[in-house]
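Just the one chain here, laid out as structure tokens, in the form predicted alone.
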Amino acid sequence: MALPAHDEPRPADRQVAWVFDLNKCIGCQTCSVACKSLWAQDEGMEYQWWCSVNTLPGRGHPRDWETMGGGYKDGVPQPGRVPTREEWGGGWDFNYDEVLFSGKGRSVHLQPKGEPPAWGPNWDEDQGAGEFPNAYYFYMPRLCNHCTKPVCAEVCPSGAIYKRPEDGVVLIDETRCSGAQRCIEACPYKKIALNIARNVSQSCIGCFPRLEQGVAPACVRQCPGRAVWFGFLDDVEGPVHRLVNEWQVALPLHAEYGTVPNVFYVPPLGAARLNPDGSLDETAPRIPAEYLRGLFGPGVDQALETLKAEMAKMRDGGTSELMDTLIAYVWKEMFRPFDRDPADITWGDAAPASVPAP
């Protein structure tokens, strides 16, 4: 994909951000499929899922990405490694033509063709952790974090990676990319992949052609559970700013990596533990606090307490701006000012040159 020309990298003037409420995400994969269908259909992108929804606790996608290094330590880029093709995994290939078009009727049935992959974008779906009756899991959508300090851009030997000054979206100029994969090594979240047909790195583009027309990204607008907010972090009246900076209930994933990510998560509250007699132990959350701290840092404790207090206030008949925001009564308010209906746009004229129309 040829992207708009850019000057030397400079800090963004404004920064867009995503907030995912993990208490509302149902793991339906609508965001993943919307992104895949829109942006990752070309040759060499078959294994790429720019947005993926994984079950946690789990090994994730690519497999065991949290152990692959990268990021910053004391402001210095840290060594990492490129996931193997097996760790990326892929989809299953079935004998659709034989079953549907060969005229063999009921003598054949759907079955995998060739060697099945050893991993995939949601391989350990719904497995989770814990033991009955206190097993637990939750879902986490992951995409490029469009970091404020993108380590991928710092290590790129060809200067192909940059942040758009108008919205902070991180892009890869494929006309400059040499396929060195330093960006993949350095990204601690492993959300950059190599196009194996063209030998260029590719990742989420923040649906920037949509942003330029006032339309929210596909992963945001397509979510059926109203679980994703999107907007500028400096919009003090917007829900993203309030969830992240005012109420501080939306937290970055692995902030210790040092890249200052701009995808945030409202942590899962989880159910109370069950005692051997079947009664509830309200003092012991089923999702271990130490596990959530490992993902979101020590601020997760206060975030969960804030959520619980505001929920209790509502149950007692009071009001809560935070709960009203998370309930999202009016869905278009979740991603202002990017609330324009894409059906009102003639995309062939609106999209930048050489960029596929959304």
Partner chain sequence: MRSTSAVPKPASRGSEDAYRARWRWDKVGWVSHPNGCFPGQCLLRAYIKDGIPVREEQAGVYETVEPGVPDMNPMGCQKGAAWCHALHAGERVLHPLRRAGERGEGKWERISWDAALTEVADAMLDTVQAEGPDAIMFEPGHGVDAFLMPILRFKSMVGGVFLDANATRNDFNVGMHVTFGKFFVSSVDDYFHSDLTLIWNMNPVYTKIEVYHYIAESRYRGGEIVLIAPDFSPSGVHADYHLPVRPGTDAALGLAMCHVLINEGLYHAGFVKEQTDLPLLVRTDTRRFLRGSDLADGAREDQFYFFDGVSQEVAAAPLATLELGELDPALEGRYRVRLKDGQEVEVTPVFELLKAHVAGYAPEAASAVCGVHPDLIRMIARKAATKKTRLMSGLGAGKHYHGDLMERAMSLVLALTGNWGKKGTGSISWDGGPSSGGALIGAKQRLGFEGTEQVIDAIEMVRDMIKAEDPTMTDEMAVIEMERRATTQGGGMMVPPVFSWYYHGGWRDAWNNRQWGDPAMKRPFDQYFQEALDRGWWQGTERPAKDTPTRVLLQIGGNMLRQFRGGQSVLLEHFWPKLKLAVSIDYRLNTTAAYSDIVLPAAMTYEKWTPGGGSAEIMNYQFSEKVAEPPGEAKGEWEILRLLAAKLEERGKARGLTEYTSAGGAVHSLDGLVDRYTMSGSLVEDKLADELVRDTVALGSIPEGTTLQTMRDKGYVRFTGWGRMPTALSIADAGDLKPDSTMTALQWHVEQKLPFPTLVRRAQFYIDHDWFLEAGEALPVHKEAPLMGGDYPFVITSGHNRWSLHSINITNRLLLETHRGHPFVFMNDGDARARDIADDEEVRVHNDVGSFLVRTRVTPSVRPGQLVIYNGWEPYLFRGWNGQADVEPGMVKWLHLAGGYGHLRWSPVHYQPSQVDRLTRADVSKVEPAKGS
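Numbering follows the first chain given and starts at 1. What you are looking at is a predicted structure, and each value in this text was computed from that prediction instead of being measured. Only the largest set of C-alpha atoms that superpose within 1.5 Å between the two forms is called the rigid core.
The next section is about a form of this same protein that is not shown, the form predicted in complex with the partner chain.
Engineer: Given that the partner chain is not shown alongside this chain, does Gln41 nevertheless sit within 4.5 Å of it in the predicted bound form, heavy atom to heavy atom?
Structural biologist: Although the partner chain is absent here, Gln41 would touch it in the predicted bound form, with heavy atoms inside 4.5 Å.
Engineer: Heavy atom to heavy atom, is Arg210 within 4.5 Å of the partner chain in the predicted bound form?
Structural biologist: Yes.
Engineer: Does the 4.5 Å heavy atom contact test between Ser279 and the partner chain in the predicted bound form come out positive?
Structural biologist: Result yes; Ser279 sits at the interface with the partner chain in the predicted bound form.
Engineer: Can any non-hydrogen atom of Leu269 be found within 4.5 angstroms of the partner chain in the predicted bound form?
Structural biologist: Within the cut-off, so yes.
Engineer: Based on heavy atom distances of 4.5 Å or less, which listed stretch (72-80, 179-187, 143-151, 219-227) is in contact with the partner chain in the predicted bound form?
Structural biologist: One stretch meets the cut-off, namely 219-227.
Engineer: Among the candidate residues Cys156, Ala250, Ile192, Ile205, which is the single one with a non-hydrogen atom no more than 4.5 Å from the partner chain in the predicted bound form?
Structural biologist: Spelling it out, the residue with a heavy atom inside the cut-off is Ile205.
Engineer: Can you pick the one in Gln127, Asn245, Thr84, Asn199 that has a heavy atom within 4.5 Å of the partner chain in the predicted bound form?
Structural biologist: Filtering the options by heavy-atom distance leaves Gln127.
Engineer: Hey, which residues along 83-100 are within 4.5 angstroms of the partner chain in the predicted bound form, non-hydrogen atoms only?
Structural biologist: If the 4.5 Å heavy-atom criterion is applied to the partner chain in the predicted bound form, 83-100 yields Gly90, Gly91, Trp92, Phe94, Tyr96, Val99, Leu100.
Engineer: Indicate whether Lys104 shows a C-alpha shift of 2 Å or more between the shown form and the other one, with the rigid core used for the fit.
Structural biologist: After core superposition, the C-alpha of Lys104 moves 2 Å or more between the shown form and the other one.
Engineer: Can a Cα shift of no less than 2 Å be assigned to Gly91 between the shown form and the other one, given superposition on the rigid core?
Structural biologist: Gly91: C-alpha displaced by 2 Å or more between the shown form and the other one.
Engineer: State yes or no: after fitting on the rigid core, is the Cα displacement of Asp277 between the shown form and the other one at least 2 Å?
Structural biologist: Comparing the forms between the shown form and the other one, which are aligned on their rigid core, Asp277 does shift its C-alpha by 2 Å or more.
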